[in-house]
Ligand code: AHG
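One chain comes next, on its own, written as structure tokens: the form predicted alone.
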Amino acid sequence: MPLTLNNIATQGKHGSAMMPIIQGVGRAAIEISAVLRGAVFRGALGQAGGENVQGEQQQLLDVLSDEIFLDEMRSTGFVCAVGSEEQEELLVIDEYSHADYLVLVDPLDGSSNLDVDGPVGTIFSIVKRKTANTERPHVSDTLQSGREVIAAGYVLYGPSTMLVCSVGEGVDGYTFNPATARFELSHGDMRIPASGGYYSVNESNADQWLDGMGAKLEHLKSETGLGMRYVGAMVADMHRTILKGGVFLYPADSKNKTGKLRLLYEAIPMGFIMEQAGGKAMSSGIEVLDIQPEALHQRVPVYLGAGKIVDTLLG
């Protein structure tokens, strides 16, 4: 019998507690995947007519995915609140406000790819609340460094739907099998190759990068001979980096001087996965997982990849 998401319960000291929440992520992923497949026929592509808290135009599918994810986290009964990239404030699940865990999510990463039928994803992490269970969950509960994250992962909506996750005991990939209507273990103990692979970055902004990153990337290319691959959805680019090797980077630039990617919704969960896969996750002179968050929508520069390659890039 193939291993399913139930396998998570056997992993480490947190597996049994994390399994029902990650199963909820799986249910959300199945529903989001179905919505994506039929979006063109339902008039669900295009902009929703509003902006998210970052001032970005929301796609209709951003909004739908956010609603689906919140509903599935509510259905687990173990999540007291959800922090979403699409919402300005923490969303408290009132009926389970006494529960132990909070989930942080980018419900539809890379949504600008939707109109060209490109890959998109979901990114999530799980932390345990700091406030007492008798109190209402507070935004301070989310402001925990990556060292305090209990579990994290992502879903890639590509030719197949794949859920990659870790509860601190390595990284496993589960692919949705339509024949059995469940996620089955397809990529056990995922490890990033130490050499080879590709670099992933939007090089069109290189002349605006800070910290001499343009010259550093040129040095990396000359030292390693890495080729470029860039999809424009962090989930897809990171998934390839873990499987094939190399580095994913999103430097700070003259327009985004503190970085573009969100610490809580993108950098920390992907940094957690990268470290669990044997790689390295860096920001500006500090490991991503050592950054102490100060705000729900804080941004940081990000460099994720094989250790030697990241070291060569950053000097």
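All residue numbers refer to positions in the sequence shown, first residue = 1. All values reported here derive from a predicted model rather than from experimental measurement.
The same protein has a further form, the form predicted together with the named molecule, not shown here; the description that follows concerns it.
K.L.:
Counting only non-hydrogen atoms, which stretch in 70-78, 107-115, 169-177, 213-221 is within 4.5 Å of the named molecule in the predicted complex?
P.N.:
One stretch meets the cut-off, namely 107-115.
K.L.:
In the predicted complex, do Val25, Phe124 and Glu148 all reach within 4.5 Å of the named molecule through at least one heavy atom apiece?
P.N.:
No, none of the three is in contact.
K.L.:
Is Arg262 near the named molecule? Define near as a heavy atom within 4.5 Å, in the predicted complex.
P.N.:
It does: once the named molecule is placed as it appears in the predicted complex, Arg262 has a heavy atom within 4.5 Å of it.
K.L.:
Glu85 near the named molecule in the predicted complex, any heavy atom under 4.5 Å?
P.N.:
Contact check for Glu85: yes, within 4.5 Å of the named molecule in the predicted complex.
K.L.:
Is there a heavy atom of Phe272 no more than 4.5 Å from a heavy atom of the named molecule in the predicted complex?
P.N.:
No - in the predicted complex, heavy atoms of Phe272 and the named molecule never come within 4.5 Å of each other.
K.L.:
Any chance Met162 has a heavy atom within 4.5 Å of the named molecule in the predicted complex?
P.N.:
Residue-level check for Met162: no, no contact with the named molecule.
K.L.:
Select from the listed residues Ala99, Leu226, Ala233, Leu91 the one whose heavy atoms reach within 4.5 Å of the named molecule in the predicted complex.
P.N.:
Exactly one residue meets the criterion: Ala233.
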